[in-house]
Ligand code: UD1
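Just the one chain here, laid out as structure tokens, in the form predicted alone.
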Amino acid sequence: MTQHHPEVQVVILAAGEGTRMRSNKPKVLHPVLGRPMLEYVLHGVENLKPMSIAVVIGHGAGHVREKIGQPRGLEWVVQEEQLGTAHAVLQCEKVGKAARDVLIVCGDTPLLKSETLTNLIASQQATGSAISLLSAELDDPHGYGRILRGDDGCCLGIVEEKDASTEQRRIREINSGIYCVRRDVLFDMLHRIENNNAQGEYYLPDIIPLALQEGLEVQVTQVDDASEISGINDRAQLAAVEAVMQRQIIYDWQMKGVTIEHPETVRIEATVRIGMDTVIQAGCYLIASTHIGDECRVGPYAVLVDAWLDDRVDVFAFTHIHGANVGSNTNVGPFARLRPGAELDEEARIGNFVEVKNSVIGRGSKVNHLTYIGDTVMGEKCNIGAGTITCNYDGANKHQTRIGDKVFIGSDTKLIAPVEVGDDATIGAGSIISKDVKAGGLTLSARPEQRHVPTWQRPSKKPD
């Protein structure tokens, strides 16, 4: 469990352009399983309950602020010129002056856990070190700075790979770029860092040799799971981090009582919620704010985006549900499409090749085959025949169709909105309905004439 750290100021470095992403979008806004990578980092440090959080932004600063908003306790700090990581942190000198320590993290490390940061802060405070840094052991440390330790295990410094000897390059412990630094030490060192390098930038790791030269203690805390410190610099690394996060999300839902068949084929984004005893079959995509209740079955190859499913809903193969609400004990699909604004009441049935848009389907009503229902309010226990279409668009405006309770509409019927069908009405197959239909009886229409037979009685179902 994480602890409160009101004595800590958090600085998140999120100003880089991320040129290797080859994108017009700021790197920290690239989504990882549906959320910008910066949001994961923010969530992790918010759990620490620090004094405040400063996010250093630069490239695409306006887009970053617009996307993230203004969470409580967050301060935006703009790095007008991107002159390196040390220069970025220096922009926060006027922020959080009352803090004892400054925790510095990167905005492109969405796997980083708040528990790991708590351990780093605890190590810093327990040892009284000037600087504590987070390290990890990698099987392939290529590209990272190596941690140099003495025989007693104390940190002697960091050597960047380009400056490392052959022996030093064999070292597998690397610098993550995540630090907890005593505030007075940090800004003193930042003002002394020079930019004598090919890029002419001020690098944050240069505080380490400066501190050691002053005789200050530098503490190294090694993370248990090296994947936590994985930074994202290109699309391949983005995919790799997503894969790690996806495995963890699937494992967490499995531990909460969700069956996920062929989990390697399933995508479940971080904002999705799933109830107990639900089964997710192969190839499903569960996206954005989708909510699935208890004892549901989804798939295979169903796509749910911002969908809400109550309990005991069966979604059959290749169904697409986007921005729709589905009541309990309902069946949808296969090959059905529920578009935004579709509302299915309990025990409704939506069958193959049926599309529903901005419509209410009443309790127990059935729309089973090859049908389009748009801008419609349908009552309870209706039966809509195959090939029925609500003609809701006149080329300029949308119009509504209203269908009462217990209505039976024969196959291949066209309902030209605006039109209303009364309770218990029956419409004969192939009808084109352009006028309101009276309750009860049978209505037949083949343009230009529409007629009503008030004495007609619907046949009763023969007993089994």
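Under this definition, the rigid core comprises the largest set of C-alpha atoms superposing within 1.5 Å between the forms. Just so it is clear, the model here is predicted, and its values are computed rather than measured. Residue indices: 1-based, along the sequence shown.
As for the form predicted together with the ligand, it is not shown, yet the points below apply to it.
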State the residue from Thr290, Thr371, Asn175, Thr376 whose non-hydrogen atoms include one within 4.5 Å of the ligand in the predicted complex. Asn175
The ligand in the predicted complex has a heavy atom of only one listed residue within 4.5 Å, and of Gly145, Gly96, Gly351, Gly275 that residue is Gly145
From the candidate stretches 299-307, 102-110, 362-370, 245-253, select the single one in contact with the ligand in the predicted complex, where contact means a heavy atom within 4.5 Å. 102-110
How about Thr85 - does it come within 4.5 Å of the ligand in the predicted complex, if we only consider non-hydrogen atoms? yes
In the predicted complex, His452 touching the ligand (heavy atom, 4.5 Å): no
Is Gly323 near the ligand? Define near as a heavy atom within 4.5 Å, in the predicted complex. no
Would you please decide whether Pro205 lies within 4.5 angstroms of the ligand in the predicted complex, comparing each non-hydrogen atom pair? yes
In the predicted complex, residues of 7-31 near the ligand [heavy atom within 4.5 Å]: Leu13, Ala14, Ala15, Gly16, Arg20, Lys27
After fitting the core, Pro141 CA displacement of 2 Å or more between this form and the one not shown: yes
Is_shifted Glu217 between this form and the one not shown (CA, 2 Å cut-off, rigid core): no
Superposing on the rigid core, I want to see if Arg273 changes position between this form and the one not shown - specifically a Cα shift of 2 Å or more. no
